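Okay, so here's just one chain, in structure tokens, the form predicted on its own.
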């Protein structure tokens, strides 16, 4: 059966650990893997964009090339997707040409339909509901900077503050629970993870020993945390700008809020940042920020994922 990576728990906790170890190896030896070109077979990967992108485009395109593969970048505006061809027909056609499909799109229904009709692995490069590739990079970054040792994530506490009702909030809750971490979400009512996401996290935590707490008090969420993470409050297509900024202003990641975290806490933001809104310059550019390490680690984590899914590294 074809394996897809549409959300964080499409892999097991053990597989997550394997991927993080492989990502670390690939970072240590960036050009030492060619697992998409084994035995002279050049594997092609379609990278489909229905949303604008910087880090996702660069990290997948460069990563596939560094693995010895052929990245085929497709923008919806310059393909028949932009003219109304169905996602199901697109899946059937691409499956005849490539070894995997990576897609950055809007609704989760679109990627679910793509995966249903594809006969090759489908990777979620971002949807409205999930951002699992980003969380692999986040976990890689946390492991790098934790004194407990590489990938010793169990028991680490992470605070996620701001809008936690969409992709980054959902993926943080699930992926960090899989790693056995203690997740604290600080968000106002209406911006908190949905009940089904929290229920799934509870199931995972029963196995991994992690935990999730949701509070509307940003100080309570951040107090003593090892990692503090946030994301933009305004995504493409959102029209309620002023209301969102008003609602979320108390959750800005600034020096005062960061001061409530552990002394050696690190700061994460998946970028792009709206400086002065969800995060201040002093924090973003400060000594605790690992934001640009985090951005780089998209490359290594996604190389590991593609190698594991289609390049034989799983075997």
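Numbering follows the first chain given and starts at 1. In this text the structure is predicted, and so the values were computed from the model without any measurement.
The form predicted together with a small molecule exists for this protein as well; it is not shown, and the discussion that follows is about that form.
When you look in the predicted complex, the only residue of 246, 70, 54, 254 with a non-hydrogen atom within 4.5 Å of the small molecule is 54. Though the small molecule is absent from this view, in the predicted complex it lies within 4.5 Å of a heavy atom of just one residue from 266, 270, 283, 48, which is 270.
Residue contact check for residue 134: one or more of its heavy atoms lie within 4.5 Å of the small molecule in the predicted complex. Taking the partner from the other structure, the small molecule in the predicted complex has a heavy atom within 4.5 Å of a heavy atom of residue 298. Contact annotation: residue 140 falls outside 4.5 Å of the small molecule in the predicted complex, judged by heavy atom distances. Not displayed here, the small molecule is approached by residue 104 to within 4.5 Å at the level of heavy atoms in the predicted complex. Picking from 246-254, 283-291, 23-31, 270-278 the stretch near the small molecule in the predicted complex, with a 4.5 Å limit on heavy atoms, gives 270-278.
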